[in-house]
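A lone chain, given as structure tokens: the form predicted alone.
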């Protein structure tokens, strides 16, 4: 070991320096060498059972599994020697003996590791001439369907439920070529985190009922985002086709959600495709709502808000950028802002520290409070007679409707008309979270970016753009032309966000100053 405490070795002719205890497989990743593997996953205990990651270690008597072999000083590792490639080719040939040739109809086609590695270094043709085994498809409960004919028995799903979810539901039944994944009697995958086994499966053996036969993966566009299902702020990939959100998948972030998302967050996307959207700015007249140009609608909203105390009902799923602009509007009018937090049962993932489906079921409650909004079970209770009410993408509960009647004027800025609202003087259509850029602040004070994944609906504009225009029309100069410019201005004004920018945040985020300082003191 070197004086620096790092272990130095060579992998495929490339010098590597890593922490002691690092596996050869992970060390190889640091220099851009991908060692083929199936059973290994960085979020699971090592099994070393698939034998796909065998590598040639200089002076060692036999090939070593890279996932279960720790680095050693001076090691020389070769991944692509004839001996190692022949061994991996043999593993692939064995796996393909009973694997069905159903790639054209398999949901995993295009992102299947068996496809990839077979194409890369598998046998050109099969020597097997006997009929393949067949087992019927089985419903595993929750969102999961098991297709045993495709299973390669990597046991990732078993280890996830045993060691991460702490709910031993799955096992390996039978032996030899009869072996398959089974469920313990009376149990199934109704655990709130169980659908992660779909992402963990390297082939098409575990598939999502929700995504089944919806799209081919090469047809999908992808963008990095943040889950709005609760205050944890799990990192996501939003996948769209033809401007429709098709599915949400976890995006690794060791500081927030490691490699996982809960089933609630995974399936909480249909509202992103809702059809009852506000698509054009409109002003209410004698004959109902009349569609108008944006300049006319913004000027109309400013006209009825000007000179009044403005009460803002703001969604806790608004971005920090939008909430900051609302706080400026509130200050200028001497008004107030509030929100209601939707709630549910908390569901932790026991095998990952500080990861749970949180009771607070919105993404940015912490950011809303930090930027001056008040959390309340009766958010319109502070609305005074004669106030102007600005509803920003917030739903109305039945008890809110009566309170809203106190307002002298109502402006709605949002994605859809709030249910139960009898009147609104001006409608300003906004983008939803997958149609704009912005940031959220999670329950631990981590500020994280989300990126636009699809085009806006109709004439809807990003929330920060709508609200900056409204602030400007009210005499508070707030002309911004990008979400990053709004965030820069926010970071300048609020010390908690000091030193942050979109470049600094990257795609993993950063803790606000007060939270980071508290962590250091602890």
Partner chain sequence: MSHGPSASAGAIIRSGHHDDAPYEPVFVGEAKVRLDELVKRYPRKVGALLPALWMVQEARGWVSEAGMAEVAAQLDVTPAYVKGVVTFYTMYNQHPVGKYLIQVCTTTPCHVCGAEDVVRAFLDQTGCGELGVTSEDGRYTVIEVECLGACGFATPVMVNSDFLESVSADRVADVLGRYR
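What we label the rigid core is the largest C-alpha set whose atoms superpose within 1.5 Å from one form to the other. A quick note: this is a predicted structure, and the numbers were derived from the prediction, not measured. Numbering follows the first chain given and starts at 1.
If you look for the form predicted in complex with the partner chain, you will not find it shown, but the lines that follow are about it.
Just one stretch in 174 to 182, 105 to 113, 253 to 261, 412 to 420 has heavy atoms within 4.5 Å of the partner chain in the predicted bound form, so which one is it? Correct option: 174 to 182.
Do residue 80 and the partner chain come within 4.5 Å of each other in the predicted bound form, heavy atoms counted? Residue 80: no contact with the partner chain in the predicted bound form.
Would residue 424 sit within 4.5 Å of the partner chain in the predicted bound form, counting heavy atoms only? Result no; residue 424 lies far from the partner chain in the predicted bound form.
Does at least one non-hydrogen atom of residue 249 fall within 4.5 angstroms of the partner chain in the predicted bound form? Judged by the heavy-atom cut-off of 4.5 Å, residue 249 is well away from the partner chain in the predicted bound form.
State yes or no: in the predicted bound form, is some non-hydrogen atom of residue 169 no more than 4.5 angstroms from a non-hydrogen atom of the partner chain? Judged by the heavy-atom cut-off of 4.5 Å, residue 169 is in contact with the partner chain in the predicted bound form.
Which one, 308, 216, 241, 133, lies within 4.5 Å of the partner chain in the predicted bound form by heavy atoms? Contact with the partner chain in the predicted bound form is made by 133 alone.
Which residue, 188, 138, 290, 279, has a heavy atom that falls within 4.5 Å of the partner chain in the predicted bound form? When the partner chain is considered in the predicted bound form, the option within 4.5 Å is 138.
Core-aligned C-alpha movement of residue 218 between this form and the one not shown, 2 Å or more: No, because once the rigid core is superposed, the C-alpha of residue 218 moves less than 2 Å between this form and the one not shown.
Rigid-core frame, C-alpha of residue 287, shift of 2 angstroms or more between this form and the one not shown: After core superposition, the displacement of the residue 287 C-alpha between this form and the one not shown stays below 2 Å, so no.
Rigid core superposed: residue 184 CA moves 2 Å or more between this form and the one not shown: The answer is yes, as the C-alpha of residue 184 shifts between this form and the one not shown by 2 Å or more after core alignment.
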